[in-house]
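First, one chain by itself: the form predicted alone, in structure tokens.
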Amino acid sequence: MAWQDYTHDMQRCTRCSYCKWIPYRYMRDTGFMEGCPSVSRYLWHAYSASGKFNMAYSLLQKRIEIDDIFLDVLYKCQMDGSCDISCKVQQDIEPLQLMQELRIKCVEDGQLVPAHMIVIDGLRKEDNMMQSKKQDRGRWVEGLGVKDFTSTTAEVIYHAGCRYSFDRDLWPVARGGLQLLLDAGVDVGVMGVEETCCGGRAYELGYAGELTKYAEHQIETFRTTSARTLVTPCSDCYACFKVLYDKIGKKPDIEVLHITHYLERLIKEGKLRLKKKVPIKVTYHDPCHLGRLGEPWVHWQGKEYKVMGQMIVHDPPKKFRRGAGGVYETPRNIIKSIPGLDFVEMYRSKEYAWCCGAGGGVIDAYPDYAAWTGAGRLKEAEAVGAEAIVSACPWCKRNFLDAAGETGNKIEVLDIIELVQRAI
């Protein structure tokens, strides 16, 4: 759908401000009620989802044009989907999809954010979002003795993703996840230097062509292997392979799992035994792309029209993604199965979790804002008494580490892979 196709949503937004907060029934602490990092940071209605509906309708009516201010408001958003989930408590409209289409329009019209142009240029040259040399992509795996799909086959593809492949600080996590599979006897391999970006983060910036390009490449690559399952420790990659490819009609013919799915499976089968006590109090941060954005895509084809000049009707009835279908219990099941560990939830969790701050291109174009958002989440983790914050995405870990470094926060930042390693 094009951005103009959301005209009825622009007209139906009641300016209720649900998009700014987590739903009232889930508010547990007055210090942690906000849902939208953008409007919480910039304190102006335009930065909310409702404000974006206003902007889109004004653009449609030719009252405004896309300029630097428009781009600033549109792109100071992590595209985390919190507004979308809270909005649907009040009414069934699609703020996240409108914002996605507005970004696609900006790119198509040549209205670009300079910092994102650098990222996309690197992607087009080196097939990754990290502005790193393609030939270095497989270096993170050196010394592990794992199968390489360029010369052999395996049942499972381990897709590290761009951040894990090039962020040296995070290499131990990527290697640790792969080692857990190897130790459990999994027939697993990597693409090495031939692994490429999934295309999901580029799509969130508005570069729809990149998503299609990489989807077609990945699907063809999967077909040339004998692999039956793809496992990734990156939540962004998971949501891209599982949800976005399906959204654009490029659903891969292979089982797609986040590593938490696979680790839980190995634990249930007795192939991974969590025997060591880990005497620490932890909280879990739901990555947006594993949680609410990891919910399967809902396809709908039909007609939308008004009854009696005002009531919107969908024929056939339209189902909406409401965030509850994301991956929430799997990582919690793993954490709760670790001996000696004390687990506590944050005030905002599951589909109402506060974003880490790294999504939507914010970490690239507005790093101070990304750090501010991450610092807010670390503060929330401390508020519930956690000694460590655990997540399941390299972008979350990276941003939490950066935020902790800037603020002096001493809370330990862990990936769930590291937590499992401590219990083996």
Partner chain sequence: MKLSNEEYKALEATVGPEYISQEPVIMDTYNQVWGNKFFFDEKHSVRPAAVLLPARPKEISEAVRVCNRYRILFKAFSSGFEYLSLSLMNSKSILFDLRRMNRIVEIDEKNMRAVVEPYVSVYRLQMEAAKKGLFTGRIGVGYSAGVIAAECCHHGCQHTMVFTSGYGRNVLGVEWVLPTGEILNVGTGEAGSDLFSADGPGFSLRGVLRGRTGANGGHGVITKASVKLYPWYGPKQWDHKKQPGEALSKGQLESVPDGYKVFVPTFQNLDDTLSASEDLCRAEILCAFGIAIVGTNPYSEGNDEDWAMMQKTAETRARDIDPAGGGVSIANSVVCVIGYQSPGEMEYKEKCLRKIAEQWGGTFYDNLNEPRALARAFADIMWSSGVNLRATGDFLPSSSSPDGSPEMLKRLALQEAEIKRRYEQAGAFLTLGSGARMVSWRPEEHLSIGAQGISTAQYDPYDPASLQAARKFINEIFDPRGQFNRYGVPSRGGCLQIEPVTHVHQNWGPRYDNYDMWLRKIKKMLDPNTVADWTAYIPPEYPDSPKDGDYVLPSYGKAEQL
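Given the structure is predicted, the values throughout are model-derived calculations rather than measurements. Numbering follows the first chain given and starts at 1.
FYI, the form predicted in complex with the partner chain isn't displayed, but the following is about it.
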Checklist entry - Looking at 96-104, 138-146, 323-331, 251-259, which lies within 4.5 angstroms of the partner chain in the predicted complex, counting heavy atoms? => result 323-331
Checklist entry - Within 4.5 Å of the partner chain in the predicted complex: all of 216, 221 and 401, by heavy atom? => result no
Checklist outcome for this item: Picking from 336, 319, 273, 168, the single residue whose non-hydrogen atoms come within 4.5 angstroms of the partner chain in the predicted complex is 319
Next on the checklist: I'd like to know if residue 64 sits close to the partner chain in the predicted complex, meaning any non-hydrogen atom pair within 4.5 angstroms.
Outcome noted: yes
Next on the checklist: How about residue 13 - does it come within 4.5 Å of the partner chain in the predicted complex, if we only consider non-hydrogen atoms?
Outcome noted: yes
Next on the checklist: Given that the partner chain is not shown alongside this chain, does residue 207 nevertheless sit within 4.5 Å of it in the predicted complex, heavy atom to heavy atom?
Outcome noted: no
Item to check | 4.5 Å heavy atom contact, residue 25 to the partner chain in the predicted complex | outcome: yes
Item to check | in the predicted complex, residues of 27-65 near the partner chain [heavy atom within 4.5 Å] | outcome: 27, 28, 29, 30, 33, 34, 39, 40, 43, 44, 45, 46, 47, 51, 54, 55, 57, 58, 61, 63, 64, 65
